[in-house]
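Only one chain is shown below, in structure tokens, and it's the form predicted on its own.
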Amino acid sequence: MRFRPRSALLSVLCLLLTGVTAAAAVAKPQIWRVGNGVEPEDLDPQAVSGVGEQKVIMGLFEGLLTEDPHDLHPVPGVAEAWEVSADGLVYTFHLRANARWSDGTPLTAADFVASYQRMLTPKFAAEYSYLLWFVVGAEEFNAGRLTDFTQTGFKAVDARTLQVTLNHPTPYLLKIIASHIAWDVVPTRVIAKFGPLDRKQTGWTRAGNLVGNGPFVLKEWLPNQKIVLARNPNYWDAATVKLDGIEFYPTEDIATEERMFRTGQLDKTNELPVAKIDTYRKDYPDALHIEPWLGLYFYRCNVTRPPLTDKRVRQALALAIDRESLIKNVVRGDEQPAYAVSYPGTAGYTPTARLTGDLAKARQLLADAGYPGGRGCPAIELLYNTSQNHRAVAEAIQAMWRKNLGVEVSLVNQEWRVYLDTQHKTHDFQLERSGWIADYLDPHVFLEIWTTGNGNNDTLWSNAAYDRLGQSALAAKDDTERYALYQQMDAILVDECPVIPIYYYTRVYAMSPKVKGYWPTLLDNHPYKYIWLEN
């Protein structure tokens, strides 16, 4: 009789120990470690333009809508439902009753209105303010022609109802709201504690200061080391979030990033050194990912700097690039050569205009501009942001221009933040390495940025006919009419060459097979609340 209780006791102890072991396994933190490419300039959704910044911000903030993780179609975010008027001009968004800021404060429609007012304030000079210009009065307020924000199309009907009135029907508006951080809400009441609302980089985005409304909160920011996010317990959909945290590492040195992945310090790289792609194809095929990416790799011309003031010089440089050789021998990630600006097949649109001509035409154009064989051509400097891959491309194109045109181009690299200042603020460059990743799934995204006054048109190029076509496209009655206008805009870009298209991106990176809930998407957006790690 004594034996049976002892046996039972041992059984209970075993069960308890097993339970503790299982609990420990379950309790193991799910921390996703990611190479981010760059040290973010800031984490203010309204003040940044780079992909590296946006990747972190996507975990900290959420807008009215968010994206389906498989194909990125718009799904409810802070807004649980919405209606669109019959004429397509009035959007009414109904906010969730449990929508809160990370500090527990209720999130209201007035927060969205205040956010959009800050985004459009002229002095703030948000580069993506044009993504709100579809709204009545938004462009006028942004330009300073309208000073009363209550006269715009943003209206808080009540605490949980936001109404947005447009200038004209915009069938892709919901895609923009879901995909781009420009439509996110920011905590203006918190921002105001650190300085004027119309000033950038006031310190409100640092750890301990930042208040967001996304699935994660900012736990730690060690400049040039890592950014650490932790679960946000006040997020409306906290039950869906599987990761306990995300660690973003600045990895401009992609050779170091690749070593960090091989040694288990990273679960995903931002990219791979081009020299390593074939090795991964052979030795690590389960980790190698090469996926379509809705983006253009190009060189931006400052059309105010000689000799790039002459479009014949720009055309000659564009025609003298052997894109097929560059893709095969240098970048090696299954990219496609680009002979136009718009990405072929975007929402059913493919540009018909394209760069055409051989080396003989390129040389003739250069001679017609007054530089036969490159003789007498002023010095040209090509700026790129620090990266082994960007340097490899630049060196290959530099050699092509020297051999094919007799034009000498010097290369200069700058760290990310300095590069952004040069591009956006001082425009102190002649040629600049650039990339444009679509903000939403519509061809308009590749054409709108070259209009006069656009916050991302850093070429300083302006064309009245192009601007008129852009305005007409916004008012087009259907996609057939709209796409016909886009064809004319693409033709102007090919003729004027303010930008030199080089190739259409693919996303090339390494990722551990244990990462789940991460699906290939054309925008390379991946809602973090669906991602988890297999133990």
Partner chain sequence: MLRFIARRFLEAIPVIFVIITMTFFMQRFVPGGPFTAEKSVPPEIQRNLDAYYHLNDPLWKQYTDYLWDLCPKAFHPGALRHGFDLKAAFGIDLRPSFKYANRTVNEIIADKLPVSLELGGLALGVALILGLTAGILAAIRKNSWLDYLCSSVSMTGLCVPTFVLGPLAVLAFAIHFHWFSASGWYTWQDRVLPALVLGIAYAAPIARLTRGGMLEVLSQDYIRTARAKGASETRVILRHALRGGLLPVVSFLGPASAGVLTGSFVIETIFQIPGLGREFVNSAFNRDYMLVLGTVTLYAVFIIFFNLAVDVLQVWLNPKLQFE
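Numbering follows the first chain given and starts at 1. From a predicted model like this one, the values you see are computed outputs, not experimental measurements.
Keep in mind that the form predicted in complex with the partner chain is not shown, yet the notes after this line are about it.
- Looking at 374-382, 119-127, 93-101, 332-340, the stretch with residues near the partner chain in the model of the complex, meaning non-hydrogen atoms within 4.5 angstroms, turns out to be 119-127.
- Every residue in the set Asp253, Gln423 and Gly455 has a non-hydrogen atom no more than 4.5 Å from the partner chain in the model of the complex.
- Contact check for Glu271: no non-hydrogen atom falls within 4.5 Å of the partner chain in the model of the complex.
- At least one heavy atom of Asn142 is located within 4.5 Å of the partner chain in the model of the complex.
- Though the partner is left out of this view, Thr263 does reach within 4.5 Å of the partner chain in the model of the complex, counting heavy atoms only.
- The partner chain is not drawn, but in the model of the complex it has a heavy atom within 4.5 Å of Pro40.
- A single residue from the set Glu291, Glu324, Glu80, Glu415 has any heavy atom within 4.5 angstroms of the partner chain in the model of the complex; that residue is Glu415.
- Out of the listed residues Thr356, Thr352, Asn224, Thr150, Asn224 is the one that sits within 4.5 Å of the partner chain in the model of the complex by at least one heavy atom.
- Residues Asp198, Arg199, Lys200, Gln201, Thr205, Arg206 of 177-211 are found to place at least one heavy atom within 4.5 Å of the partner chain in the model of the complex.
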